[in-house]
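Alright, here's a single protein chain in two forms, structure 1 and structure 2, each given by itself as structure tokens.
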Structure 1
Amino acid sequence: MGVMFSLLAVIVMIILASAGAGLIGWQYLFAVVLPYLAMATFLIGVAYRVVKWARSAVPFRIPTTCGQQKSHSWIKNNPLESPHNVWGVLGRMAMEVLFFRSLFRNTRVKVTEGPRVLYSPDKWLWAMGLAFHWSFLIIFLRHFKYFAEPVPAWVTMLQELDGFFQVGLPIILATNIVIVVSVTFLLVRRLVDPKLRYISLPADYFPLFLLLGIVLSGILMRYFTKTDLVGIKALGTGLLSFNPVVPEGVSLVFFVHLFLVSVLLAYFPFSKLMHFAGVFMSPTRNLANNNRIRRHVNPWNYPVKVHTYEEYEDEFRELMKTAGLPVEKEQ
């Protein structure tokens, strides 16, 4: 149900953009108004969510330790998996964010007759997840060429690196292929693995279809249809300098592409996609395992009812005396 719903939602959006910008001719709406609105929603939404997270307290240090603690000088501790200071934490976070360290550990379990429990390494999710995120980032950065004049040198460099293999004309960019493959993998994985299908919600399929829509429309523009790059760039720089003009004759595919991107931006802060910011704030990963070394303060710590020694002795004094245990008061 979730799959169909999400697929339908994306198709409806494509139709909407084609009809809106094409048939009806509301190009200004789709090229200027909606992107601005989407961008604003994105920025305000993300900021709102992050501030909301930041305002909830971190009462206790609860890092999950995945390696040896710092104890004796002669036992080698694991500063990355069980960091005891800021440097370790930074290292650990970098490994998580840049290389998906925790996912790399992934295993698959099988229970066979006996029963016997078997484990095998399972790096597919890690590899495809990493491939997707990196290519997404590179593609995102490459798009700066549509917004900046002159095009910064690093963007050109990135693009050249991406097209390193010099295949096709226009040159096929590696990331374009990687992203299609990886998103498709993530989608198919959800559909074939019964466990995954069981836990998946519309909110899991929808971003994948949306991304596929964005990527495919982008590819369509780059390799298959004639697109007025100069016009697009004029729009891009115009949007960025708050001086937007809708260029004439930009293809419909572009409007679809831009609309889907706008939807993604607006959808972002309401969804699980916020994991991109949340990962930095996860207390099991971003705290140092120095609970016994340094004192930490819980902002809402409050006194609780305790059973004091005096109450305890009052209740058990006679028994303690017969057992020969020292007491504070004789009576």
Structure 2
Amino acid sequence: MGVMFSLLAVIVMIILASAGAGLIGWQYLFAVVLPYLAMATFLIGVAYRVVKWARSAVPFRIPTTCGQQKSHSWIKNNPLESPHNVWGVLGRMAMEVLFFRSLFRNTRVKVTEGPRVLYSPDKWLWAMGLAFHWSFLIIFLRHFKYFAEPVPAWVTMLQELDGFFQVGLPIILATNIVIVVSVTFLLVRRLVDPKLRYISLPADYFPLFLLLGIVLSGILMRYFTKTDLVGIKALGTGLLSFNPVVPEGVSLVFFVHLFLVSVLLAYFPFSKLMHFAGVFMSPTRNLANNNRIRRHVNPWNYPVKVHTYEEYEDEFRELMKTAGLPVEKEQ
């Protein structure tokens, strides 16, 4: 049910963009108004979520660790798995963000004859997740050529590296193939595995279908249909300078592509995709495990009036002696 709902939602969006920009002629709406609204929603939504997370109370040190904590000098600690200072935390976060270190340890479980429960490493999820995120980042950076004039040198270099394995014209970019394969794997994995299919919601399928729609419409424009790149760049630079002009003769596929991107931007702050910012705000990742080095006191603790034993004995000493109870001081 969740699969069909998500797929149907993306198909309806494609039809809306095709009909709106093609038949009705609302090209200014789909090329200018909706992208601006989507970008504003994205920026405000992301800022709201990040500020809300930043204001959350984190009174205790709760980092997740997989290694020996720093304690005595003769015990070897693991600075990445159990960081005790800022540099350790930065190294751990870099490994997590750039290489998905925790996902690399992902395991899967299955019941075989016997019955026996078997655990085995599941590196495909890690490899495809890493391939998707890196290819998505490179494609995102490559698109700067449509918003900047002249095109920055690093964008040109990035595109040349992406098309290093040149096959025909236009050049087949490696990231275009990698992102299709990786997103398809993530989608098929949810559909094939009964356990994952049981716990999957429309919010799990919808981003995958939406990303596939964006990628496939982009590939369709680049390799199979005629696209006015000069007009698209004029629109992109106009949007960035807040002086947009919708060029004539831009293909309908472009409007579909741009509308799906706008939907992704507006949907981003309210979805699981916000993990891109959440990983930096997670106290299980961004805190140092120095509980044996420093005493951490909850800053929100209210002052408590303490009645020590010495004060207690001073108050009830004579009564305690009368009752035959031992006392530490006679007077």
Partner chain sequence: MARVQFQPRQTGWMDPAVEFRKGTWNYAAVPDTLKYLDLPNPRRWSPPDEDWHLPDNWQEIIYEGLRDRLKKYRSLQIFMDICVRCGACADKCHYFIGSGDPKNMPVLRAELLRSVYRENFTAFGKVLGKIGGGRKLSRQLIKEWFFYFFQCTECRRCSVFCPYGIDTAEITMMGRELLNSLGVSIEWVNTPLANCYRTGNHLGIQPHGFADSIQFAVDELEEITGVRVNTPINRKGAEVLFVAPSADYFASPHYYTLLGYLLLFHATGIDYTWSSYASEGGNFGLFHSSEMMKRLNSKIYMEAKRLGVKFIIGGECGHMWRVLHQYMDTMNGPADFLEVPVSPITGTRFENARSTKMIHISEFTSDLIYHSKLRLDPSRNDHWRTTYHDSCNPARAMGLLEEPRYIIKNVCRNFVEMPENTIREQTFCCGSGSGLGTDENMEMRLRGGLPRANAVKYVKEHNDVNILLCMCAIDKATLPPLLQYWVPDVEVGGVHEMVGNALILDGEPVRKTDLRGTPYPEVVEVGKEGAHA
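Keep in mind it's a predicted model, so treat the numbers as computed, not measured. Numbers given to residues start at 1 and step along the sequence of structure 1. We call the rigid core whatever largest set of C-alpha positions still superposes within 1.5 Å between the two forms.
- Structures 1 and 2, same chain in two forms; the form predicted alone is found in structure 2.
- The two forms, fitted on the rigid core, differ between the two structures by less than 2 Å at the CA of V12.
- A movement of the C-alpha atom of P194 falling short of 2 angstroms is seen between the two structures when the two forms are aligned on their rigid core.
- Once the rigid core is overlaid between the two structures, R116 counts among the residues whose Cα shifts by 2 Å or more.
- Superposed on the rigid core, the forms differ at F316: its CA is offset by 14.5 Å between the two structures.
- Aligning the rigid core between the two structures leaves the CA of P299 offset by 3.2 Å.
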